[in-house]
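One chain comes next, on its own, written out as structure tokens in the form predicted on its own.
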């Protein structure tokens, strides 16, 4: 019953999101046809009134908003996200081309910073008040206080421009030919290091602090005292008792972070010219490309909702009492 209720709840959330997703881009100021010819993104195109009406009719923007909304929902029910006004390609194709790069970037960063933040937070809390705790707290809070675009800019200036250790941007070397798949993978990895490092440093602080605070709340619990009274080792108590019970708030934060990291990569992808969803969303907003904005927001929203649904299910595994509520 718990699973059915949660599924129904998330379906309602998705329906609300779909409606907001339609109206929000249309509330922005600007002309969605300004860059319709796609020749120069910095120079909006001038059209005659007749050409403008034809283009509006082509994209269904000449209809009243309620009719546009109905058409939007009907197309969505058929899996049709429409065509990009600027790129003149199906929205789904444009998103899928960029999605792999964002998933690679955010996935790699999350797989590294989440376990690392949990480990450092747990170790810091277990050594509360000692030098190890103080040093970890000061160091992580200091480096994580920088916004991601500032960190990214500093990395580009020092490691890419000054030292020449890494490429200035992009996901791989443009126009390069590779002798084998390994060479291509190494090139992609070389371009990936700086943006991944930026995301790790920018996000590890939140995971570290939450895990540290959560651990501090369970350290004095009765079951921890009982485990110590039994003569169990501190490492065993930490790994088998304390960490698992401190993970519940981390699961919620992880779901939110993983979902919203897609949006959070906008600045990182812009700084490194990384061709992912974030950079595509940035460009589509500038060009008022309604179908593309709607498609990207839809993907992000579903990703966030799915991450939270998985978190709810993980709650039941971590604490079976949740299913009885």
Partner chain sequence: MTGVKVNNVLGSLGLGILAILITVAIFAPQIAPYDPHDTYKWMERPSSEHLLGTNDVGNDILSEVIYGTRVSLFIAFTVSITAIIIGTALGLIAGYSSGVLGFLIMRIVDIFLTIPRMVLIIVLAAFLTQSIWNLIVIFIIFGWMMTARIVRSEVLTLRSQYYVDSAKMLGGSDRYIIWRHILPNVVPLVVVQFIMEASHVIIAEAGISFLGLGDPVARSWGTIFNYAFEYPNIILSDAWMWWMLPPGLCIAATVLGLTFVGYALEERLNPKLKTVVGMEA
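Positions refer to the first chain, counted from 1. In this text the structure is predicted, and so the values were computed from the model without any measurement.
The protein also exists as the form predicted in complex with the partner chain; that form is not presented, and the subsequent description refers to it.
Visitor: Of the listed stretches (79 to 87, 181 to 189, 92 to 100, 143 to 151), which one has a non-hydrogen atom within 4.5 Å of the partner chain in the predicted bound form?
Guide: Going through the listed ranges, the match is 143 to 151.
Visitor: The partner chain in the predicted bound form: within 4.5 Å of a heavy atom of each of 17, 206 and 213?
Guide: Yes, the whole candidate spot contacts the partner chain.
Visitor: Even though the partner isn't displayed, in the predicted bound form is residue 128 close enough to the partner chain, meaning a heavy atom within 4.5 Å?
Guide: Answer yes; at least one heavy atom of residue 128 falls within 4.5 Å of the partner chain in the predicted bound form.
Visitor: State yes or no: in the predicted bound form, is some non-hydrogen atom of residue 68 no more than 4.5 angstroms from a non-hydrogen atom of the partner chain?
Guide: Outside the cut-off, so no.
Visitor: In the predicted bound form, does residue 59 come within 4.5 Å of the partner chain, counting heavy atoms only?
Guide: Because no heavy atom of residue 59 falls inside 4.5 Å of the partner chain in the predicted bound form, the answer is no.
Visitor: Would you classify residue 288 as touching the partner chain in the predicted bound form, given a 4.5 Å non-hydrogen atom cut-off?
Guide: Yes - in the predicted bound form, heavy atoms of residue 288 and the partner chain come within 4.5 Å of each other.
Visitor: Going through 161 to 197 from first to last, which residues have a non-hydrogen atom within 4.5 Å of the partner chain in the predicted bound form?
Guide: Stretch hits, in order: 161, 162, 168.
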